[in-house]
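To begin, one chain is listed below as structure tokens, in the form predicted on its own.
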């Protein structure tokens, strides 16, 4: 068998496919490509856009790319100079700043929108964000109103599904106006079929981290797979990527290979990463041989590992259910607790890390209660705070001290348990 390399062919394939995606964005910006629609990661009806050859653009992805390349702060400060508060979502500020700086990101020029599609799923900041983009760009915003899950069952009602499907019908009409052609239902079903197969593979990949050692880090390495999952879902290229990803990760499982030489601690992590300091943040865990076996952040776009699949025989209904039910951002707190409990149990993790994001109320609201809840269950839980976009809110020394103390206590706890066994 050939020598396995960490990240291997998968990492290079991701770079190639995402470079092609960004090239399409730049072509659209230059007027020689497809019309572009801005939309959000949480849930989303990207399959409908693909059926019309409308290029999906994700402002959240653009913002995080700025942060990873350490280019976000000037755009954040420009937005604050315009009047945006220091407490506003840093994704919003980075995106607004880059919009007025020529719509340049490290990888592409972002096209002006032909459609502003605000798929409101869980975060009311989205409404203001896309309202502002509408004012600045002159493009009317199309709002998809997605109800919260209100029933005790935790599932959307039939009325909720019908309500969202009627909105999707109006979205189809808007796409027909933009493109000048009617919906090709066979094309839509094909896009949904590709999404279904992609979701199945992504689910299998996420279940592989139940193995010890986990073949990859389900927080830091999931990022490599999340970009194609969102930006390329519903395309043949996206499916090929996940076929490659699953084969590579399954090979690592067979070889008992993990992302670190030794896997000492298995943990679950809640919240987005601090993108401007991602490598530094990762090193704080890897130095303790700690591997994330599950993460809530990797489910912001969908909960495929818990059973969701798009259905090409019922395309609009399955898209509606994805928006309503099968993504983290539209779940209530009890559902979020249940999700983490399942990870701790089924993925065999011994600790919970909560990364609270200063400028993201969607994630940070209630995380203090979350820490208390899991602590009372006897789960070692650490809550730390920085920001997903703004580099000014990351204290490396303080963060490292708290993480070191936490894993030192976990190690001591393990020794005590072994001695008493």
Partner chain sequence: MHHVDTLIGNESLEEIVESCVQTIETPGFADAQAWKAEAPGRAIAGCFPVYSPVEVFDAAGMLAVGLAGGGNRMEIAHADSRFQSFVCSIVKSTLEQGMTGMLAEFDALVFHSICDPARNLASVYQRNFPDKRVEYIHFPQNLGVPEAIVFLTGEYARVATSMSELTGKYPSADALRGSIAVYNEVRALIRRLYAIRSEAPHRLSARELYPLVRYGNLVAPEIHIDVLTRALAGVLQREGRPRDRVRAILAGSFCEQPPLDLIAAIEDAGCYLVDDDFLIGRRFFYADVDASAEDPYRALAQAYVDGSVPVAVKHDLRISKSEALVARARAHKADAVIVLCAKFCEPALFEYPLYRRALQAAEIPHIFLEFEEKMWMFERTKTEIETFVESLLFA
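Positions refer to the first chain, counted from 1. Only a predicted model underlies this, so the values are computations on that prediction, with no experimental measurement involved.
The form predicted in complex with the partner chain exists for this protein as well; it is not shown, and the discussion that follows is about that form.
Undergrad: Tell me whether 26, 246 and 251, taken together, all sit within 4.5 Å of the partner chain in the predicted complex, counting heavy atoms only.
TA: Per the other structure, none of 26, 246 and 251 touch the partner chain.
Undergrad: Any idea which of 106-114, 220-228, 138-146, 68-76 reaches within 4.5 Å of the partner chain in the predicted complex, heavy atoms considered?
TA: Only one stretch passes the 4.5 Å heavy-atom test: 138-146.
Undergrad: Closest heavy atom of residue 313 to the partner chain in the predicted complex, within 4.5 Å or not?
TA: Outside the cut-off, so no.
Undergrad: Quick one: does residue 82 come within 4.5 Å of the partner chain in the predicted complex, counting heavy atoms only?
TA: Judged by the heavy-atom cut-off of 4.5 Å, residue 82 is in contact with the partner chain in the predicted complex.
Undergrad: Do residue 325 and the partner chain come within 4.5 Å of each other in the predicted complex, heavy atoms counted?
TA: No, residue 325 is distant from the partner.
Undergrad: With the partner left out of view, is residue 234 within 4.5 angstroms of the partner chain in the predicted complex by any non-hydrogen atom?
TA: Result no; residue 234 lies far from the partner chain in the predicted complex.
Undergrad: May I ask you to choose, among 261, 87, 177, 345, the residue with a heavy atom within 4.5 Å of the partner chain in the predicted complex?
TA: Residue within 4.5 Å of the partner: 87.
Undergrad: Using a 4.5 Å cut on heavy atoms, which of 193, 282, 187, 132 is close to the partner chain in the predicted complex?
TA: Exactly one residue meets the criterion: 132.
Undergrad: Taking heavy atoms and a 4.5 Å limit, what residues of 364-389 are near the partner chain in the predicted complex?
TA: If the 4.5 Å heavy-atom criterion is applied to the partner chain in the predicted complex, 364-389 yields 364, 365, 366, 367, 368, 369, 371, 372, 373, 385.
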